[in-house]
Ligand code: PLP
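So this first bit is one chain, no partners, the form predicted on its own, shown in structure tokens.
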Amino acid sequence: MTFNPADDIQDLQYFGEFGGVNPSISDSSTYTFLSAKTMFDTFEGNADGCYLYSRHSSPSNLYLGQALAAMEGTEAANVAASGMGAITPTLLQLCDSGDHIVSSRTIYGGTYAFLKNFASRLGIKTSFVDITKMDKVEAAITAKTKVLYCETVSNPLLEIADIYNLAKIAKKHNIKLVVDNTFSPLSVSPIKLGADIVIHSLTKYINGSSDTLGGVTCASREFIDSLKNVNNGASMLLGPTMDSLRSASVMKNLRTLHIRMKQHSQNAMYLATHFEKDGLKVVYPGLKSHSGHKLYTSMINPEYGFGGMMTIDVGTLEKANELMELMQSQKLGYLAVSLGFYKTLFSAPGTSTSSEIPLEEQISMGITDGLIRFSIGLDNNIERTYQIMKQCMIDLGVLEKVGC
């Protein structure tokens, strides 16, 4: 039977303590014990089903972690208070001072800043490479490399990582392949392609309502336990704990992720196809013109499509800002960072989500002044959306009226 992550989520059953169809929310920071010995055993990690302190674990966080592990096909998962709250402890757990990371050069600006500016202060060096070129990836690996890091679909350029072949390289050199799968939940299952660890910003598609920060690390039971170890676990000691109320909220929204991802993908494909025909410079993995289209097609679960992210280059930052402001005034969406919301969100990455990356490096990567990143929403009438967006572009001279 074909693996479908949405089915694994749907098959999970959690009941509240009074038989509720939703599990009860554990609104406690600490928990009682019937004996001092049980408390000691719990500190040592040897008391299954017992809870000690919510920074270590809580029922609500464990419910959500189990659901996300089922989605990604891993043994376990650990939820965190933000995407960066998942990324940074994961990398710090894998690396010591003097170790080395090979990372994709096109990644979320916050991750880039952590690797280049913060991890380096701890003696962890990073080489940023073109993740689409296997020879460059392998050439960057040294005897001190511990991690190969990438995003399935890169932020913001939408480059596609060849996870299968990256995993082969990682295994050859006995290093861990860590994949940020935030842009492609359900569409791609990195673990099935050979990745060791999968990370998500739950803030985005998985939660879907732009009202909660969250992150998750999905991996083997051994690695998740190491993250939560009371003596040397990065997640335990750095404390990026998710609040139980937020965990319960994400858990409820996770149940509709499969429906939402289909609509995001369908709408994005419609807009990308029509704007490309209109002559715009569109980047979307579902288009045959995308350099990674064939690769991505071979990786995805086709039921969920090519995702809801696309970019359009309108030439200049001034034109990009004018267009985004006009689209917002026409109620097409919001000029805002993040993604996965029910409304379309748009931003200029060079001055927002990728602003941590120095200008000269942005240029070398291909992040141009006129680039607009779109997170396409759940619009019911996408033809109507297209026509209004198109008129905005005509009004500003991004598209010519004749022939449009």
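Because the structure is predicted, anything quoted here is derived from the model rather than measured. Start at 1 and count along the sequence shown; that's the residue number.
From this point on, the text means the form predicted in complex with the ligand, which you will not see here.
Only one of 292, 286, 233, 83 lies close to the ligand in the model of the complex, with a heavy atom inside 4.5 Å, and it is 83. Distance criterion of 4.5 Å from any heavy atom to the ligand in the model of the complex singles out 182 from the list 182, 187, 247, 103. Between 201-209, 93-101, 262-270, 276-284, the stretch whose residues reach within 4.5 angstroms of the ligand in the model of the complex through a non-hydrogen atom is 201-209.
Among heavy atoms of residue 214, some come within 4.5 Å of the ligand in the model of the complex. None of the heavy atoms of residue 74 is located within 4.5 Å of the ligand in the model of the complex. Residue contact check for residue 306: none of its heavy atoms lie within 4.5 Å of the ligand in the model of the complex. The closest non-hydrogen atom of residue 159 lies beyond 4.5 Å of the ligand in the model of the complex. Looking at 143-169, the residues that come within 4.5 Å of the ligand in the model of the complex, counting any heavy atom, are 151, 155.
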